[in-house]
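In structure tokens, one chain follows: the form predicted alone.
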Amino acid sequence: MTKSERHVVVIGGGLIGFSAAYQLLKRGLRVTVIERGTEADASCSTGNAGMVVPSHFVPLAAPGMIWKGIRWMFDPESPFAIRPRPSWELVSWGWKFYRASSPARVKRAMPVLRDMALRSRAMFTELAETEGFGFGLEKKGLLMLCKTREALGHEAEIVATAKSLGVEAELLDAEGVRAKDPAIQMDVIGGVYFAQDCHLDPARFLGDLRAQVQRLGGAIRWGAEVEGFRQSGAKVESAILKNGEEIFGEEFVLCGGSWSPTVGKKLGINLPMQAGKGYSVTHPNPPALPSICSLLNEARVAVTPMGGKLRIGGTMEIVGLDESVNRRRLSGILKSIGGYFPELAETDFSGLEVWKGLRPCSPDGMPYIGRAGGRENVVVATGHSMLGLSLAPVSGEMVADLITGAAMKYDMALLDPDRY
């Protein structure tokens, strides 16, 4: 069988799945993408903050996060919530999160996230200059805005860590922050400027990827939910759809976001994961518009200009595969805006369409990338939590490297899908 005849079946049509499909097609392989939703459905990443963040080198499971989360749980408008429910998987995930939140594990994880993020940033730059891509990449950096001395002091520690890792970071007072973005008024005591961070329009990026996959000859099957697999020993032969159709392939890639564990179980692959729901609203013509994307530190809210639009997003709700909108959590996001940007108010965003998405969160905050479950022709790429967009290009590249036998450039033990 020649290289060009090898057929790769990609399960999941989000940013990770289409990034993998694009990279595989560029290497001459035949690709079919299977997506459970319709073409009109929004994937988990299309309404996110659109940030490419080398600054996010600390995994979600970090020291202190457990106790901070417990405090937030009792506030219905806080940026974090876990809905109590009788679920052994939730209890097990929480215990694994606690075990992963050690300084030693985080220290080992940070260089991996840094290297992946910087590679992804370079790939976004290359793609933005490639014909057929026009997703509005803005390489203007990111501002982490602080209103309290406590928050600014914590960020000063992050700056020191960033510099030790070779990530550009600059601690600023209030005047310094305003000098970085004079386009909008800010009521803060200071912050951090991360020069290497970028922002873009995630929906446009996903649309570009879809179009390029089709241009390169890739097939896309919409509304195709996987019911099971035909297997022979350690090899998977086909994916069986709910309508009984079989899609045969030489390699299979599982990147179904928050639905990956359900599909993984059909292959004997255990992927501990919880869906972390987030919300965003996008103002088409805001009364004030920053020029740089920002994170509101104490509120845990992301603010991103996208052309002439302004997107506000946040919250992490661990509530299972529930896509309903919690209005109290949404209100918490919008109420915080005016405290940092006096020219904006919660009422400015009233009546706007609310987007929600389920982020696939592993217990240790690291993605699952690699071959898994003793299956010789299955690659997993999921569990990116809030970094799905930021790490999409490099994750696609890693999938293509694994399938074509190229040397891996990262500490794959920390990303091993079988690590639990």
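Don't overthink the numbering: it's just position in the shown sequence, from 1. Computed from a predicted model, the values in this text were never measured in an experiment.
Keep in mind the form predicted in complex with a small molecule is missing from the figure; the text below concerns it.
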statement: Of 218-226, 180-188, 98-106, 150-158, the segment with heavy atoms within 4.5 Å of the small molecule in the model of the complex is residues 218-226
- prompt: Among the candidate residues Leu29, Val378, Ala61, Ala49, which is the single one with a non-hydrogen atom no more than 4.5 Å from the small molecule in the model of the complex?
  reply: Ala49
message: With a cut-off of 4.5 Å between heavy atoms, is Arg371 one of the residues that contacts the small molecule in the model of the complex?
response: no
query: Is there a heavy atom of Ile11 no more than 4.5 Å from a heavy atom of the small molecule in the model of the complex?
result: yes
message: Taking any heavy atom pair closer than or equal to 4.5 Å as contact, tell me whether Ser45 reaches the small molecule in the model of the complex.
response: yes
field: Exercise: Met366 in contact with the small molecule in the model of the complex, heavy atom 4.5 Å
entry: no
